[in-house]
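Same chain, two forms, each on its own as structure tokens: structure 1, then structure 2.
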Structure 1
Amino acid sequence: MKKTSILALVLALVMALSCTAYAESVGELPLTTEEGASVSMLAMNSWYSTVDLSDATLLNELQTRANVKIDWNLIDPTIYADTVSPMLASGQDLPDIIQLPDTDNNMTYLSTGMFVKLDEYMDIMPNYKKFLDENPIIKASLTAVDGHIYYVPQTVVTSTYQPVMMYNMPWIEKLGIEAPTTLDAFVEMLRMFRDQDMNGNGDASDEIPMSIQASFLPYMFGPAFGLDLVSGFYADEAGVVHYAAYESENYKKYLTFLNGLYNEGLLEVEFTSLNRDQITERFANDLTGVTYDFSWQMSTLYSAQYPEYDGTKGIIVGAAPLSGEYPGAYIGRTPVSGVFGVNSKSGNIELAVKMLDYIMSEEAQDLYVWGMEGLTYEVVNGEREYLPRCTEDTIWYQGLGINAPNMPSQQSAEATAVLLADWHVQAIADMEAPYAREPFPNIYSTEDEVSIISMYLTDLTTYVDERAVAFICGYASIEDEFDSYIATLQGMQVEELIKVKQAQYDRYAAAMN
């Protein structure tokens, strides 16, 4: 009996320690035993006009497990910023939890004291603390100038499902070549696409070698010249910040290369107005050989235009980025796409903080990424697969609250992959993640920095974009007018902006450490 009692005591102690560890790592459920407990929340509704997320099955399940009802104020995402910004400006009658209309990098709202310092509540936010510890880059981006963290993020995947090179593989196979990996090989391939009857219709003049939206040109060619033209500002390996379009030698080479493509007819005359619908139509008629787009589109959009596509082999397939004097790279997205904060004037701060923390738990994230077994997915050979209705009935699927835009959800590459063909998933693994480069991080600005940025950056960016088109199309001579372009940037205070970005990057690096 004594041995039994001792064993029972040991087991009880182990269970108690396990429960304590669970509470410290994921939090206790329910969050409260109070009947009728609730928090109010202002957030986006679904992007589908026929879907109302205020009664979404998965979000209701979330509330049931927490024993906390969410009183929603959901607003159409197309008018969210215009609707919510005046509400925040007034600061009156705001709910407990607020989805901001932007990421508040200029500290427009933080500077007013509108939101709670969440890092002071980490003892009751074990899930969020764990998330920040596991994601130091995001933690550094969310650390404000005063060293505090005020927001919980909504994030996107950053090293996969980004914009990538895509080739018409039957055309490449017809030429008997490999997908190019260098700028020189790429140009030679485009010339063959232009000059030969690649689609076999008897007309060697209807092929369009490359179809690309103008906004993707910096993604496609910038890294081969050592430039991050996507972020604009970037830090080198020594932590020194540069402005890519102000790098006189490499940026001049970049423009000269594109001007060469334009002069040869390899970059079409109307490239500035080309859109995705037009590119899709070209693929449907087998008229083009190259594009650049988010890698999600390989099978779901472009390959699907071909009647012979059966899902087993890609037709429009992604490949490694192009290298020049510098190694090829794919510029990813910044991970934070949105933020949520707790109203400092709320009379219900502790419960709001706990609810926001539970929303960040692995259990909650799993719920609104995957849904529930039997409802949205099944387990096959130890792997989860979405049930057919999830891919066949988009409105139903979104109406459940899957990947709901009104939640600080963490986008899942794993859950995305199960929706794609096997060849597509393998292509992404081979040619995207290994070449991903982090963009310039989102960093909060001081009041003085905001003043400089707002005074100069918009005009500078507009000028850079206009001159890029002029140089590429030959309206302006690169040889004769590039030095004048650099001098104009100096007059537009580009070096002051670089100083601001350097100070911000230094703060970010310090937060990382």
Structure 2
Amino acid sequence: MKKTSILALVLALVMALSCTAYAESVGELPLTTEEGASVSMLAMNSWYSTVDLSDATLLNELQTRANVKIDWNLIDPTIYADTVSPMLASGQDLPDIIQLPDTDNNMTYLSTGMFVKLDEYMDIMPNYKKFLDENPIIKASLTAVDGHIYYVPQTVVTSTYQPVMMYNMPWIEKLGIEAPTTLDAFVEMLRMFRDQDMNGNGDASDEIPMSIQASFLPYMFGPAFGLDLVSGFYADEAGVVHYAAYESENYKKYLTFLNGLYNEGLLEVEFTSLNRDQITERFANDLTGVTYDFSWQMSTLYSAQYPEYDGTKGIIVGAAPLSGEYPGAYIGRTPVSGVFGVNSKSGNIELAVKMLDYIMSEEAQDLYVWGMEGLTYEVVNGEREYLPRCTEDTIWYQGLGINAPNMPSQQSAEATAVLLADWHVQAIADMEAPYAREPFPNIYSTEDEVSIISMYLTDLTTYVDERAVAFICGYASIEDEFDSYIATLQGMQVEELIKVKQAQYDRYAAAMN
């Protein structure tokens, strides 16, 4: 008995002391005066396979300013989800701060109490509180069904720097045509690319009209058929939710169109396995006329393959989306691309929360975008300009921790634009921004909804994906088998899923108004 009461007393004392300590230091640096304070953090490593962010200059600078060391456990982003979900399933030996493998819309993780309710710590998270007040849409999408906020987001730009049409401009000029804006004109152009010696090497048969990764086909052609195949589920203007691959009339037209391209040799035989490296190589040899990719790539990757590219005029240039029966559009993405949470079993919750707040503060954001004066930028006439090394030595630049994927960074279109050639920035303003369309929002599911989604959705998308390939390649006949495809979707409870998504959309719409 005595022992317990002494323990309680000590605990109370410690708590009182720590409270006063925090009261003094809210929002001030360093976060702690304690020597050797550290938090552990599980996050993604750089997307560049030769870059390791565990000793990145800019991230080290943040740790020095905070006087808190981060013990990194950084994992290759390509295998992040597969590696981290089993770790989270076991729930053992997890670090203080965790970057989740997804945005947890099904509340798989937060419903288990693994993560701290951050809204209860808002008084020691001044930076995050300010951010949420300034971004009500993000706040709405991060508020769980129980009303709590569990995560700090990593956000991305939503309506620009998305996947867009890109044309080989010298080829288009050679044909003396305008970049097509309708499906018919587009197919016409592909046929010319296929049949003529576009690259002027004397061989009219080595041109590949279109090089596109299979995952971009829905972006490229879906809107012209009135479908948002990217989101899968989408709401029409009346707020009614549809499932794109279950729209019997329009989806059938979409498949028939692609099947036609495939049969004519305009969509190549190996489109299912094509990757960005192969496409880049084709541009390097001037072998292909059209691609579809993140608009970022048109100057930095594809145009740069041409020796005659000097940075003033684009060679592989973006253009407006294709229209068919329906007007063309570019489908944007939702702002929250990743989330970070604080482990509720951590022995170090307060410090972890404060560190998480600090590494998402405006000061830290500035560091992710600009780096440090003298290292990455200099001030000329009161304006900041990146030093030449930033564009010349990508590996060094990425290795500093610029736009770190392992931090709750907030991507901004303005900061991206300064790195790009003028023609590129102009192209994005002309042909991408005006056509951007909002995707289906991210909304947390209730427990009942989760059980329906987890039971049916994976099988449904698997089936849709494989049938799409079969119909496009003609392994299955659209005429004979499309009806049984629709019937199978019904058997897979697609109606049930649409009802769930409708309910979620209605909740979202209500929260927005």
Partner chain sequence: MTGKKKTLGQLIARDKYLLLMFLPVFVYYIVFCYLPMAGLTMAFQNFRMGSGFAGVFTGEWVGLRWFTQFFSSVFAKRLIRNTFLLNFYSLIFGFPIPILFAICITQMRQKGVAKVAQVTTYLPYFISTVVVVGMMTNFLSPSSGIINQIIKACGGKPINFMGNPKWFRRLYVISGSWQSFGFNSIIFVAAIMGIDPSLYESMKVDGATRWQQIIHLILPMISNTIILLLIMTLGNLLNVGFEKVYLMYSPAVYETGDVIATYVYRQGIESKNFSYASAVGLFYSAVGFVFVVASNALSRRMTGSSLW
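Worth saying up front: this structure is predicted, and the values here are computed from it rather than measured. For residue numbers, the reference is structure 1: its sequence is counted from 1. For clarity, a rigid core is taken as the largest C-alpha set superposing within 1.5 Å between two forms.
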Assignment: the form predicted on its own: 1
Per-residue C-alpha change between structure 1 and structure 2, residue 396, threshold 2 Å, rigid core fit: yes
Rigid core superposition, residue 244 Cα moves 2 angstroms or more between structure 1 and structure 2: no
Flag for residue 49, CA shift 2 Å or larger between structure 1 and structure 2 after aligning core: yes
Cα displacement of residue 342 between structure 1 and structure 2, once the rigid core is superposed (Å): 6.3
Inter-form CA displacement between structure 1 and structure 2 at residue 102 - rigid core frame, Å: 3.0
